[in-house]
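A lone chain, given as structure tokens: the form predicted alone.
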């Protein structure tokens, strides 16, 4: 546990510069347990601290770990160029805390996107050495065939890869949809693998990372949630 002054706590949680956070307290915009706090240098235990800013309650979090059900036509970038950025779907404070996507989904790819301000977590989740499986549902232009499934499991050669890339699991869902499980996380990997197998991906959705399923989070497109310790352990262990 740690103790910090109220202004520094507010700053750490993304409410603005220290000067702005001092002003928030001075203006009576911060309360704890229903009581407006006037002492901007009040020392508080951060563990389990709940406070209200502009009438909205917040829980102090040293780091933020969230899952977003990403809609289509959003870019996984802090500086988007052609479409809105995924950070526009989150509270403004998250941007000020330097919350960023863990890896990237193409602007037209939907589904589970992890986001955090914890650099060590982002690195661990993004590292290919961790072999964390990711599950995708791909819609194909041409019909799914046993030959296509076999080819994706055996491996396909991509132009800029030294060795063929293969799916861990690949299953047909219906005539034009398949579920594919990958560990590598290469650039546009599902789309490029399907193209190399002489098909074409018309829609792509990430449904699972490790053992954490998007369906279990019950998020509509564009919605997000904080991840619990139990859910984080599903991501870290992949089991």
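Residue numbers count along the first chain shown, from 1. The structure displayed is predicted, hence computed values, not measured ones.
Keep in mind that the form predicted in complex with ligand URA is missing from the display, and what follows is about it.
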remark   = Assert contact_stretch over 166-174, 46-54, 184-192, 61-69 against ligand URA in the predicted complex, heavy atom within 4.5 Å, equals 184-192
key: Whether 105, 109 and 136 all lie within 4.5 angstroms of ligand URA in the predicted complex by heavy atom   = yes
message = By the heavy atom within 4.5 Å rule, which residue out of 178, 197, 204, 214 makes contact with ligand URA in the predicted complex?
response = 204
